[in-house]
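Just the one chain here, laid out as structure tokens, in the form predicted alone.
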Amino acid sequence: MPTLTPFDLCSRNTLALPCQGAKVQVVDSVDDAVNVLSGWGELARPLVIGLGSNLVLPELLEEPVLIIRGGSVQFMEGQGDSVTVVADAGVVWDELVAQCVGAGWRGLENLSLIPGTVGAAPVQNIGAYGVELKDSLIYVDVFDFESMSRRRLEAQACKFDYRDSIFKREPRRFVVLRVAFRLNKNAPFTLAYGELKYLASEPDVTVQAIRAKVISVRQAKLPDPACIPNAGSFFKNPVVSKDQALRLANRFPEMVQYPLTDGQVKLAAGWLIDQAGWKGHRASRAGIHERQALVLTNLGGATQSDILELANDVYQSVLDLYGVELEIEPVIV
């Protein structure tokens, strides 16, 4: 069993919640992570923390914690205009996107400025502006606690869905070590999402221009966690049946709805929360961002209980008004 030490995790979660980790191991490479995990034992499955951009931590964390820092990115030329990009789990996600876009590779540009590390990205199947991680992912190398070994999961085995994956459905079974993507120099851009639509009519639009626009839009909508502690979108966009969506549209004609290919309808959680009157709400230590109703913020000194109490109030308000249940997106530890 590795030597585990106390560690202040306040700076390792973007909500800046006070959290003292009682048993924390920090590693700087994939190989070190495998060595640590192999010696940990099957029962001591740790919580893995990258940058903590999708976590709501308690004030005291008794369970084992593994922090994977840094790593490398490899570009392996494929056939024609394609490339395989392999990135270690500890690499900062947006630094990976910047490298790919800088080299002219298409596929990840719509996912620019999403906070967190590469290792966290497949857990959430991160997505933005019409693109999801699964669209370009080839495989994920993991440490599997069931077999106590390193193995490779092809994309299909990851069971990706909207903000979901096998890594969320079977928590603490896998530790992501590396992720591989297939990108292309000439793949068609995805420009159907609101603020990116105008770029579709640009004759010489570039992958660099799309990244710049995505960054601009995200910075205008979402507060920088370094300035205003937050965990990004706190609720998932709810998916309802076509019949329920029709009933809601009859009652609220202005409600934002997105029909899905499976016949269901996705609603905009931010719109629901905003219309329920929560945007800009401030409690004593937690609040709702004034420009983005999906973002819960730490106003100073907030704890996990403050954040969850506010989240529950928002949940109940939306349920009472629309009959729609919201689901929290970050992981509650």
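Heads up: residue numbers just count along the shown sequence, starting at 1. Just so it is clear, the structure is predicted and the values come from calculations on it, not from any experiment.
Just so it is clear, the following notes concern the form predicted in complex with a small molecule, a form of the same protein that is not shown.
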Candidate site Val123, Ile126 and Leu222: all three near the small molecule in the predicted bound form by heavy atom within 4.5 Å: yes
Interface segment, criterion being heavy atoms within 4.5 Å of the small molecule in the predicted bound form, picked from 151 to 159, 194 to 202, 181 to 189, 231 to 239: 231 to 239
In the predicted bound form, the residue from Val30, Ile307, Ala293, Val48 that sits within 4.5 Å of the small molecule by heavy atoms: Val48
Sole residue of Leu108, Val207, Ile114, Val85 within 4.5 Å of the small molecule in the predicted bound form, by heavy atom: Ile114
Heavy atom of Asn54 within 4.5 Å of the small molecule in the predicted bound form: yes
The small molecule contact in the predicted bound form: Ile328, any heavy atom under 4.5 Å: no
4.5 Å heavy atom contact, Ile68 and the small molecule in the predicted bound form: yes
Arg163, heavy atom within 4.5 angstroms of the small molecule in the predicted bound form: yes
